[in-house]
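In the block that follows, a single chain appears as structure tokens, in the form predicted alone.
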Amino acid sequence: MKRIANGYKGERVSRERFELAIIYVLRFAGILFFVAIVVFPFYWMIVSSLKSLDELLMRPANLALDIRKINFRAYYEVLFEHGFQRYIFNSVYVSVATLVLSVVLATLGGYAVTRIYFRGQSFMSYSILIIYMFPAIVLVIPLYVAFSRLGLRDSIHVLIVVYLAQTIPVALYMLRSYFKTIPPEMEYAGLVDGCSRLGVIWRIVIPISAPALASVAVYTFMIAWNEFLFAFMFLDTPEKFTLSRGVVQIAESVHLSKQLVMAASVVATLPIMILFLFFERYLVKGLTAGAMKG
């Protein structure tokens, strides 16, 4: 009986090991599959942008890259002959302005709905994300008509206002959840020591909320940098184009080669990828910090 029991136990352990091995293999295969889906388009953009035009025309399906034949001519033309330096400046200006205004306004608003009691506080607190539920395509037509009649449509400052309407609701919601985790006693101590409400926010709340503020900053910057629909609808003057709008302008030019389109796409994509990889841990930490009480 003991031998039978030991044999049954060994068979069960072997079966469990086999099942775990199958799970690990499937997990690795799934991760590899999704990584390939994400990495392949960017790899194809880089390879196509570094090849000469003759090689692209002769062998368009060739995904290999000969290091001895790397050609940076497409990047030079994109940056210095097609106005992409101006597009980069416009995107940086719009993204940084959206970031600063979103963080400041969301910090003040999130603190107000968390700590200051007023009539309609609960309704405002839970209706923050209502505007974010509407798809951008639903808002673009009325905004286009309104700004056109006001004569404000072809302006990057109007674009900043639109981006603020997109980013502030989520930023405010994220910060509100984080502010709830801060003990009110710390703020009361600051008020007793002579700080005003703004002093408490500046000296106590902001330093403690650094991870959440970093995640909000990265989120708003990425939204403003990558946004295309409103930039396409509102901007008409090439000198005011952002990067995403500039890439489309190059893609719509029939006399330009695919090589330039790929180089422009890399220029628009690479900075935001580097930014995300550098601040990814702060983004995840900020998004999950207020999960327990939010």
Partner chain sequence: MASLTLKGLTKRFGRTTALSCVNLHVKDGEFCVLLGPSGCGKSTLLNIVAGLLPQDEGTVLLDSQPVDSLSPRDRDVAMVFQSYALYPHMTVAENLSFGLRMRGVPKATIRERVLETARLLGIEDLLEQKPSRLSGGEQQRVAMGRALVRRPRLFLLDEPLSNLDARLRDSVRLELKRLHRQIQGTIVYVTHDQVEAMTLGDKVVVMCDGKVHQVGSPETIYSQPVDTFVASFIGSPEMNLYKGRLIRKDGCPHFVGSGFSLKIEGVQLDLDGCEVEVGIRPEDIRIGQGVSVALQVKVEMTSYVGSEKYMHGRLGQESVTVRVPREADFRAGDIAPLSINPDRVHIFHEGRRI
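Predicted, not measured: the structure shown is a model, and the values here were computed from it. Residue numbers count along the first chain shown, from 1.
Beyond the structure shown, there is the form predicted together with its partner chain, which is absent from this document and is the topic of what follows.
The partner is not drawn, yet in the model of the complex one stretch among 192 to 200, 83 to 91, 172 to 180, 152 to 160 has residues with heavy atoms inside 4.5 Å of its partner chain: 192 to 200. Of the residues given (208, 79, 100, 146), 208 alone sits with a heavy atom within 4.5 Å of its partner chain in the model of the complex. At the 4.5 Å threshold, heavy atoms of residue 217 stay clear of its partner chain in the model of the complex, well away from it. When contacts are judged by a 4.5 Å heavy atom cut-off, residue 186 counts as touching its partner chain in the model of the complex. Contact check for residue 204: a heavy atom falls within 4.5 Å of its partner chain in the model of the complex.
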